[in-house]
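Single chain ahead, written as structure tokens, the form predicted alone.
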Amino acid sequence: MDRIEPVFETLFDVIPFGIYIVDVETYEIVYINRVMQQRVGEPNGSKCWQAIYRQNSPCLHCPIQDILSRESNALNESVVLELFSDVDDCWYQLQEKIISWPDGRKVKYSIAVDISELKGMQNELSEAHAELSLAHRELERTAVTDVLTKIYNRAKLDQVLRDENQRKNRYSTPLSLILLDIDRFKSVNDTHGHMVGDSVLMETADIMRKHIRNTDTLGRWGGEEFLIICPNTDLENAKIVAEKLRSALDDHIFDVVESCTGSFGVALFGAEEDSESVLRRADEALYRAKERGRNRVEVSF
């Protein structure tokens, strides 16, 4: 390894980062400062990729050939990159450039700054951001989800109703609602207790979820009532959907209570009708279903 002027050697040794200088033609180490020597030992004429990186051939990240191949072949053009070293399991930021050595050779001057602590902090920050993002999404999800049944809650249904009514008015497409009430639900709670009642609500939500269409929106309207919002659906087709749901509920064998049915009210939005009015008509149709024997679908015309 060539010696350099003592004043430059002293200057390089004061710098608290590893510095090494390599002949661009032979890759032989021309000089390393004290910090780098403490890392790799005395190179004794070794190639940089041997002494520093313990490689069997020039490193893939090495910028020498790229810089030399440029038309300008400009000296002092810096290349900055980050590199993980398998030798000491550390991250380094390398600032490298080709300069003229006092003897006239072109050499690559490299300064290696250990950024392992910074990388660790960046990784921790990235993990914190990821956890925060997940927590935010979970918060958004829980804000619109019914705690018991895991379907949409009343607040979310109100939002969907507003959005779908606006879309219906803008594009003149049909929009229907299906309101479901579980028959004799109070007697389930009175006879078997609220835990069984909660189980019936959860099973009913699962049945509804499995049998609605992809375009429909299902939610718990309150108590033992469920609402299905059906975009682009006229009254006749909404009735067909409701009948399908009624049949699925009737056929299901529930835990403990075994049999449970529901009454359904169906209503179609009028041209300029608001949600409150349509919901009232769907509720009236539902109670007609109750009065006419339960476990049936009634339509509001």
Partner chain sequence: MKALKIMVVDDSIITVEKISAMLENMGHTVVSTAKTGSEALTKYPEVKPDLMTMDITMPELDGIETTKQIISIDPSALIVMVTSQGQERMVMDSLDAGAKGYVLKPIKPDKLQLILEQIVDKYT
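Numbering follows the first chain given and starts at 1. Note that this is a predicted model, so its numbers are computed, not measured.
One more form of this protein should be noted, the form predicted together with its partner chain, which is absent from this view; the next part is about it.
Comment: 47-55 is the region of 248-256, 47-55, 229-237, 24-32 lying near its partner chain in the predicted complex, near meaning a non-hydrogen atom within 4.5 Å. With a 4.5 Å cutoff on heavy atoms, S100 does not count as touching its partner chain in the predicted complex; it lies far away. By the criterion of a heavy atom within 4.5 Å, F185 is excluded from the residues contacting its partner chain in the predicted complex. Contact annotation: A271 falls outside 4.5 Å of its partner chain in the predicted complex, judged by heavy atom distances. At a distance threshold of 4.5 angstroms between non-hydrogen atoms, W91 is in contact with its partner chain in the predicted complex. With the partner removed from view, the residue among E140, E117, D190, E127 that has a non-hydrogen atom within 4.5 Å of its partner chain in the predicted complex turns out to be E127. With the partner removed from view, the residue among S78, N123, S172, T215 that has a non-hydrogen atom within 4.5 Å of its partner chain in the predicted complex turns out to be N123.
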